[in-house]
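Heads up, the chain shows up twice below as structure tokens, two forms, tagged structure 1 and structure 2.
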Structure 1
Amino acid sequence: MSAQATQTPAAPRLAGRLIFGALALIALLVWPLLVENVFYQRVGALVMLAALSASAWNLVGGYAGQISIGHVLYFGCGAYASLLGFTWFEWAPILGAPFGIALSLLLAVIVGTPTLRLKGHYFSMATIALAELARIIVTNSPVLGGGVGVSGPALPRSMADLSFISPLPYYYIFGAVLAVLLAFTWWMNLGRMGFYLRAIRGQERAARSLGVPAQCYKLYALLVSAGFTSLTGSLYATMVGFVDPDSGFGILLSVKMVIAAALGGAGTLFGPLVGAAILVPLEEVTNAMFGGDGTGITYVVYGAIIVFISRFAPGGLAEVLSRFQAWRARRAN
């Protein structure tokens, strides 16, 4: 009887989560079709793009606990590979994505092998330095467009260019890739790799003492994360049709990935999506209110969010929800 009593409350909670998940999925699919304002549709596409990059970062930063602030290195590789493929060979921009992913994987091995041995903020500082080094190299390389950057096709030549007037196709393309990444993350979290990464994040020394090959699994997480981040950069370049050193390798992009994941809940499946759904509209509103790209105001907003998370909810909104559920359970008892 005690076992049945223990299991009974879990069933309604599971059913409630499934119903909530199904409703959220339907809302994500239908919402853009109900909104006629192009600005809101564009914001929706940007939310999906930010959620994709934050979810990719979440693999190594959230699950493995390796806080990379230089993840824009892989984003820039994907963005530049797509548009350089058009500039050099007149390819459809998206055809450059596999080359960007291959380059990102190579850089992840070269960068990750030494830096993943560093601990805490030393690892973060090393990733910042490498990303900034890449930005400087690209800025001073005329063959890569230099400080001017590179552009995609001015007019769509075929459907392969993925050049659309409406933001809706981009919303669904980004959403489909995000669904694949979330499915992989869910599968990984249930398997050995997810178990090992959580152990490494909790206490790496203890995990090593129990036989966990920490260095290998941290590198595996970085490789998968780098590949999806590079694909995100390619999709961004395909939509925007232009990339320069700041938009491809700017440190603010890395900070945005980290904050979106941390705000929703790093190390959780849907945390980056929730964080992106809050962060991107907030950024767009401040940009619209203060004009220009709002870079200065953006830093203020990001700083305020970092202070809030650090002070009140280190686990992000997922922790706030967990506290609320625990409070309700105590009230019920």
Structure 2
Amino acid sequence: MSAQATQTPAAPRLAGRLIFGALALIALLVWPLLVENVFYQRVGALVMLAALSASAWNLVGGYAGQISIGHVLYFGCGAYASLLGFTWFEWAPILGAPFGIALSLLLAVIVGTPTLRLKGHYFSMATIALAELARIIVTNSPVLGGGVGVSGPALPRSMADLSFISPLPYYYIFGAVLAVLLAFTWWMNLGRMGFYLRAIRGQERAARSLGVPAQCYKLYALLVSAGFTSLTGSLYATMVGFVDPDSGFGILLSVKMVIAAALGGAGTLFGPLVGAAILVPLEEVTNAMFGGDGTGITYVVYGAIIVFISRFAPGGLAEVLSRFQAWRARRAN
């Protein structure tokens, strides 16, 4: 990065970036209005949702380098809080979100303190075990809907239910929350916390010996991450209006957060968004094209593309981009 900055004058480079960023932002805001196809609009909303959960995961998994494969724990808390609020008290689903977030933060402290001591795969496995525990407990608790699951309002009662026919409002709501999350991530990465997390990810023992309170900062990252993941769960529940143990706490969902981030580039600001923007449409389009055959070809194609990317760009698409930049810089020299 700094090596390149010395090669090109900083000011025009920054301007170029700003113009590019502004154009990308406008494109993101405007494209759903130009597409009349409601299905594509919904895919757009789902991209935002997947980008949200992957970006939230990115704080812990990417920036802090702690590969959690149990983030669905927090997602499920948010989704269930929303719909249980409706089931028990007839609240608008989104009103449950703060409770989901509070519960997730509490869980993150209880769960994070012991597990963040664990190294590498042991940490990943512990997070999986915790998420599975949550899934089994919910499945066996009739008061939480048991195996049947819980539903939102069958038909919208008021605007507060955030239940829309068009996917567009969801797209913009999810997008707005994503913007807040990305802004926070950007700010965090510039500051002391980003510096510490980079140190921890690089070489935790060295960072500790230099006096970085690693445990503490990993926990901070987990807290923010859990909070946003929970909010994602609440937003999901608001849109879909139903959650059961598998769709709220299923391990596949955790894995999808990880692969969206990994695909775009973990530990980069826009990596998860890029990953989600590739994976979700890929999944939906392959399903729309081949799903009805009943031959499973949907997942053969989807899986093969994931394999292909991991084979040729193990560091995700961010790596491809930096390789390309390096190549351009070399050529400019």
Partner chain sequence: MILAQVVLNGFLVGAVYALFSSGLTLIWGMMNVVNFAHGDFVMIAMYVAFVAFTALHLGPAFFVPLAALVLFMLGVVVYYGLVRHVMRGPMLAQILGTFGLALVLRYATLWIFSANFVSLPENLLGDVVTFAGLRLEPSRVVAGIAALTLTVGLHMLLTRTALGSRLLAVAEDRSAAMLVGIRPDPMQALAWGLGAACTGVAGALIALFFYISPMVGESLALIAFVVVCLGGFGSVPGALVAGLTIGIIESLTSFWIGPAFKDVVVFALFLAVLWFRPQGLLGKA
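None of these values were measured; they are calculated from a predicted model. Numbers follow structure 1, counted from its first residue as 1. Rigid core (definition): largest C-alpha set, two forms, superposition within 1.5 Å.
Inset, instruction - Report the structure number, 1 or 2, for the form predicted alone. - result: Number 1 is right.
Legend entry - For Pro314, CA displacement between structures 1 and 2 after the core is overlaid, in Å: In the core superposition between structures 1 and 2, the C-alpha of Pro314 moves 3.0 Å.
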